[in-house]
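Shown below, as C-alpha cells, is a lone chain in the form predicted on its own; questions about how it binds or moves come after it.
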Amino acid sequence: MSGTFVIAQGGGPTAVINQTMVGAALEIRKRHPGAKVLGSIHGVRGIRDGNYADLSSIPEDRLRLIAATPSAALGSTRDKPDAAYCEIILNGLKKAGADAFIYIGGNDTSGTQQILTDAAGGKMAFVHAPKTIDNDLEENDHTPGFISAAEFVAGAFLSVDLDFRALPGIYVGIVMGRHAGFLTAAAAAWQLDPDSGPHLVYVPERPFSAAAFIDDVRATLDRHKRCIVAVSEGVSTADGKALVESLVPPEKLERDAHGNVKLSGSDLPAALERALAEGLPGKRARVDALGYMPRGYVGAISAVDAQEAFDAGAFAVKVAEEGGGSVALQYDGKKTVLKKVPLKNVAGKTRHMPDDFMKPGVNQLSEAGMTYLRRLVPEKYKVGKPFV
C-alpha cells in the first residue's frame, strides 16, 4: 500500500482529535515512504467536493504543532451519509486514487465506514479511528477526547462546590451527552469527601422526574446546606422523551438544522431554573449549561489523552494495511492497549454507562463508577478542606 491515503475528521471537535490525524499522517510517512496523504476538508464533504489539504507536503514540526491544537484542523461535518451519499463518497475516493480512507469520529463515522466497506467490495481499506467526548463507543474502555473533557468537567464541579460552600445555594450544571452519562459522571471524579459536590448526578441511563428532582434537591439542602447537581443534557423522562421536551412547550423548542431538539440550548437551563423557583421558592439557585467548553478547552488537555489519540492514529495505518476495521482502546487490567475490531461491532451502536456505576435508587456514583473515573481522571489538584 504505497499509493494514496485519505484522512478525514467527523462529528464534534475535541481537544485531541488532531493528534489522531497527525499520528496517522506521520505513521504513513514512516511505513509508506512516497505515499500521498490527503486531508479531506470538512469530513466526507471534502471527498464529495474534491477538496483536500496535502498533508504529505507539510513539515513534521508544523504537523506536531497542529496535533497539539484543539478542534478539528481539517474541519468537520455532521453529515450522516446514507447509501446514496456513500456511493458519491466512494466515487470521490476512487477519483482521488485512494487505497485507504481513515475516518476519525464516533458512532456515525463508524457507520459511514461500514456502508463504504460493504459498497467497495474489498477494493479499498476503510478504517474508523475513535473520537468522542461522550465515551460511548462499543468495544472501547474509553475514547480519545473523553479524558480531557472529563478533566474540564471534574475541575469545574470541584471549583463550583468550593464556591457554594462560601455562599450556599443550589447549582445545576448541564453537561453534554445525548445518550451516555460518562461525561456527566466525571463531575464527581475530584470530590474531596462525602460532603463534596456534586451531590446529585443525573444521567441518560436513568429516567428523570422533575418532581423527584425537587425532592432530591430539598433533601440535599437539608443535609449539606447547599446542593451541587450535574445533569446530562440527554436525560429523559419515563416516557422516553428528552427532558427539555417535557418542560418546554413544543412551539418554543429550539431545533438544529436537521430538526432535532437542541438538548443544551437555552431551553433546558431556563426550564430547570423555573422548576427550582416554583418547587423551592426563595432559594438561591443557578443553572448553567457547560455547552461546548469541555470538549476542546485548551487549558485541560490531558497528556495521556493526547498520547492515546496520537497512538490510535498511528495504529489506524496498521489496520488499513490489514484491510480495514475499527481501532479500539481497551484496558487489559494494567494499561490501555490498542486493538483492531470489526466495524460492525461499533457502527451505529451506543455504549451506555454500566448500571453498576450508579448507586441503586440514589442519584450518586457507586464505588465501581468512581474507580473507573479515577483511573482515567486521577486527581490533578491538591486543595485544602474548607472550614465551612
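Residue positions are given as counts along the sequence shown, with the first one as 1. Nothing here was measured: the structure is a model prediction, and the numbers come from that model.
Quick note: we don't show the form predicted in complex with another copy of the chain, though the next part is all about it.
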Heavy atom contact within 4.5 Å of another copy of the chain in the predicted bound form, the stretch among 215-223, 240-248, 88-96, 291-299 = 291-299
Name the residue from 306, 276, 73, 115 that puts a heavy atom within 4.5 Å of another copy of the chain in the predicted bound form.
-> 73
Sort through 35, 341, 66, 337 and report the residue having a heavy atom within 4.5 Å of another copy of the chain in the predicted bound form.
-> 66
Flag residue 165 as yes or no: does it have a non-hydrogen atom within 4.5 angstroms of any non-hydrogen atom of another copy of the chain in the predicted bound form?
-> yes
With the cut-off set at 4.5 Å between non-hydrogen atoms, does residue 30 touch another copy of the chain in the predicted bound form?
-> no
With heavy atoms only and a cut-off of 4.5 Å, decide whether residue 156 touches another copy of the chain in the predicted bound form.
-> yes
For residue 107, is any heavy atom within 4.5 Å of another copy of the chain in the predicted bound form, or not?
-> no
Are there residues in 354-388 with a heavy atom within 4.5 Å of another copy of the chain in the predicted bound form, and which are they, in order?
-> 381, 382, 383, 384, 385, 386, 387, 388
